[in-house]
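Below sits a lone chain in structure tokens, taken as the form predicted alone.
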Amino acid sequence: MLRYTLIRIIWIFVILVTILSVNFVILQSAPKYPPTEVDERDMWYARQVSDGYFSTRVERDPEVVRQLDEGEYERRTNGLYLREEFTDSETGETAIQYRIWEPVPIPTQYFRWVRNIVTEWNWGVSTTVSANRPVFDILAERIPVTVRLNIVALIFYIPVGFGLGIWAALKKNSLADNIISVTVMVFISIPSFVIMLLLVLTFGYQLDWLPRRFPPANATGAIRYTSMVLPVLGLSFGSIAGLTRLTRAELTEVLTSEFLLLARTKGLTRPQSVVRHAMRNSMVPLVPSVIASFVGLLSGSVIIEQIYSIPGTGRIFIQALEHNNYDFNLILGITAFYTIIGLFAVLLVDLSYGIVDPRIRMGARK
């Protein structure tokens, strides 16, 4: 098991590097959008040069200046340039010059980016969401909000989903089972962001029972807890429906199996046979599905954070993807976060099979 785990961790690292490398090349091939404020823009240019992603020079050649004025230079290069006036030291007349920043070749940028991360843990700086702030500092503030929201949703929906699924399985083909099954199909079919909108409109605006927006970080009192209710419900309904359906299906199959009938004939009561045998055997596919669902919650929270103004990674991810406003370094940092969560979730799913059922040994030799 240890050898298998180490090999999987190595593959996680390889896959992570591959995904980030492909994303880096694609994003760096796209047009650049520096900050719009003059001070922020100058600071950003200086940072790109110091990090080794751009080279800079001043162009005073009249022909090149003419090409820049007419846009011909822009068609030949994807560099960034700034038009300036200067006083000619020889003639004393005012003339035009261009300060030009040109990206170095992408392979060179890539190796310098990797070097900055490995040696300085420098993921670059943001350009639009929070101009010139280090990406890691932004994520360090936002990741705890996203993780806390999704963990609360996970803790809420697991017992509810298991409970409804067990109840439906034990009351198979009854009125309760039919109601649960129909409700499950409805909530599986409705996207989480639609449920979130309905919850906000109903309980936030019409009834005014719960906050309509996520409170600021310095908020105190009950609002810190009541503000979690709507996003947790919005994330949980679909997961509850999926877990309920899976639990009912697995437990129903085990309840009709021959070994459970044998346990009943040996004198075990129905509750004893369900608790000792049926539940344990039905847990083998259920526990991995719960672990994997955490990734689904994270992806769902991207939209819900935008709807409810939650200051998490999902909200800034949407902002960093806005048209003509791309924040490449921030996109790469958030991509790394979601990729790491997803890859380790897959590893935990595989390891959980051996924990739930000791007969399963991952990576064992024949």
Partner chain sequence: MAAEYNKEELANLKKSDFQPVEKDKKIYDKKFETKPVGYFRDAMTRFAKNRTNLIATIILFTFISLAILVPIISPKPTTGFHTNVTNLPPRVPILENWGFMDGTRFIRHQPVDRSTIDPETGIGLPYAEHENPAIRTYNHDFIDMDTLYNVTETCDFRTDERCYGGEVTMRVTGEVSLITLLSQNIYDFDPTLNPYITLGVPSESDIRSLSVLIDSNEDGNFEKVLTVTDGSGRLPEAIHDFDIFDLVDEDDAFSSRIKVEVTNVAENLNPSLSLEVFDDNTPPTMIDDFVSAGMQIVDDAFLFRRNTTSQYSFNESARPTLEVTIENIQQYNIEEYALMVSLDGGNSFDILDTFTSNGTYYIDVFDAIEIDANIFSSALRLEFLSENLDAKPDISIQKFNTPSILTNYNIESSNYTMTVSNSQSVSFNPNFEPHIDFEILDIIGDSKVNLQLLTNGSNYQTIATFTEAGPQSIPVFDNINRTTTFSSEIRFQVISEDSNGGIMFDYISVFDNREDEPRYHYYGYTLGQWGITSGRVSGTRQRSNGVFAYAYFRYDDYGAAFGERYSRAFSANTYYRIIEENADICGEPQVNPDNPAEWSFNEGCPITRVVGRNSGVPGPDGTEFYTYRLFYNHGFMEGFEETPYFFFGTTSQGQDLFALTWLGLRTSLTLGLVASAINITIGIIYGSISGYYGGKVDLIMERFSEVVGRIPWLVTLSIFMAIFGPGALSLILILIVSGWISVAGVTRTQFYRYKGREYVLASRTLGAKDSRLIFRHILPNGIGTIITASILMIPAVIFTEASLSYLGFGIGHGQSFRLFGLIELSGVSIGVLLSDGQSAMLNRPYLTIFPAIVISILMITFNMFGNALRDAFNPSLRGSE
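Computed from a predicted structure; not experimentally measured. Positions refer to the first chain, counted from 1. We call the rigid core whatever largest set of C-alpha positions still superposes within 1.5 Å between the two forms.
Keep in mind that the form predicted in complex with the partner chain is not shown, yet the notes after this line are about it.
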The listed residue (160, 262, 96, 198) that reaches within 4.5 Å of the partner chain in the model of the complex by any heavy atom is 198
Which residue, 284, 194, 155, 219, is the contact with the partner chain in the model of the complex, using a 4.5 Å heavy atom cutoff? 194
Please determine whether each residue of 2, 289 and 352 possesses a non-hydrogen atom within 4.5 angstroms of the partner chain in the model of the complex. no
Contact flag, residue 318 vs the partner chain in the model of the complex, heavy atom cut 4.5 Å: yes
Would you check, heavy atoms only and a 4.5 Å threshold, whether residue 67 touches the partner chain in the model of the complex? no
When the contact criterion is heavy atoms within 4.5 Å, does residue 54 count as touching the partner chain in the model of the complex? no
Counting only non-hydrogen atoms and a 4.5 angstroms cut-off, does residue 189 reach the partner chain in the model of the complex? yes
So which residues in 145-176, when you check the partner chain in the model of the complex, have a heavy atom no farther than 4.5 Å from it? none
Superpose the two forms on their rigid core, then report whether the C-alpha of residue 345 is displaced by 2 angstroms or more between the shown form and the other one. no
